[in-house]
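The chain below stands alone and is given as structure tokens, in the form predicted alone.
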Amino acid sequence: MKKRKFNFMWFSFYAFLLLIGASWYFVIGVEKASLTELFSNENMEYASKFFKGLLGVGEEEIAFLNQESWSDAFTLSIETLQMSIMAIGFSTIVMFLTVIPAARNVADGSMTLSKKWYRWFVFGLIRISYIFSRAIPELVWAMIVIFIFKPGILPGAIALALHNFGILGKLCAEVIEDTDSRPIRNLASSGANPAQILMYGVFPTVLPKFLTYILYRWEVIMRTTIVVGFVGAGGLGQQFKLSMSFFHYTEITLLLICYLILVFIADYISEKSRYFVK
């Protein structure tokens, strides 16, 4: 009698359906939540008031039509841009310093045809630091860093870099693991030293994908500055919190427009950079 082969895809599918069913049972059956309450007259009235405020309906001073408000928002946008550039710069530098020994095929020597006893120890240490880095949210990192230093864009950049270092490191290490190791082995068997293997074998292959991940995380960091701004990291995020606290709805619209422009700039640079690398 033949044994049925375990099918991981079907198991994952059924587990996914079970998880969805259990989640809805908890929300509706245990917590007694009602979706209709989300669309109650009171909530709809609050939503209408909020969105009308964003558009400036019934407001005496409309921030997104005021030149002085645009000037202040431009200054805050520059601070936000500086924070995001510093954050992605810090995390990229640390990632480049740690990503090679963090790759599994480097640790086991299958890529370079050279086995060293300490490489698995370094691999485990760096991978644990990646997990620790990305496991702590940006807001928590920001609260810790700003508690130690004074509020400002530099502590905000450090907090964002601490979180994104682990994400970039994991993504880029996996790029190296998925790289075709045959050309690199040929270099190693021809007598190339580790520096030559990195410069002529590894980096030319992985740099385009590295750049894609770095630019993507830069765009994410730019959006996440609004989160760290809530704890005093400066930039548009801090002003967004103040505008929400004082119910200055048109200022919120202005700040959202600035974020939209910044993300558009990051997306444009990302597209052009990928085209240039190709």
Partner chain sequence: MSMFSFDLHKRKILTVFLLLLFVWSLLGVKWQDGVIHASGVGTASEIFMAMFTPELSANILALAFESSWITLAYATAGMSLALVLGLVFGILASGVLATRKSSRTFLKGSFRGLLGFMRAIHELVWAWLFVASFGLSPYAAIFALAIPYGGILGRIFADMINDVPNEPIQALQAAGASKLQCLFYGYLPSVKNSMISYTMYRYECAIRSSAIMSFVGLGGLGYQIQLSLDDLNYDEVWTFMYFLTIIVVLIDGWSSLLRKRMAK
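Because the structure is predicted, anything quoted here is derived from the model rather than measured. Numbering follows the first chain given and starts at 1.
Absent from the display: the form predicted in complex with the partner chain. The rest refers to it.
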{"query": "Residue 31 within 4.5 Å of the partner chain in the predicted complex, heavy atoms", "finding": "yes"}
{"query": "In the predicted complex, residue 78 touching the partner chain (heavy atom, 4.5 Å)", "finding": "yes"}
{"query": "Contact label in the predicted complex: residue 24 to the partner chain, heavy atom within 4.5 Å", "finding": "yes"}
{"query": "Non-hydrogen atom contact residue 149 with the partner chain in the predicted complex at 4.5 angstroms", "finding": "yes"}
{"query": "Partner-facing stretch of 176-184, 80-88, 190-198, 116-124, counted where any non-hydrogen atom is within 4.5 angstroms of the partner chain in the predicted complex", "finding": "80-88"}
{"query": "Residues from 8-24 in contact with the partner chain (non-hydrogen atom within 4.5 Å) in the predicted complex", "finding": "8, 9, 12, 15, 16, 19, 20, 22, 23, 24"}
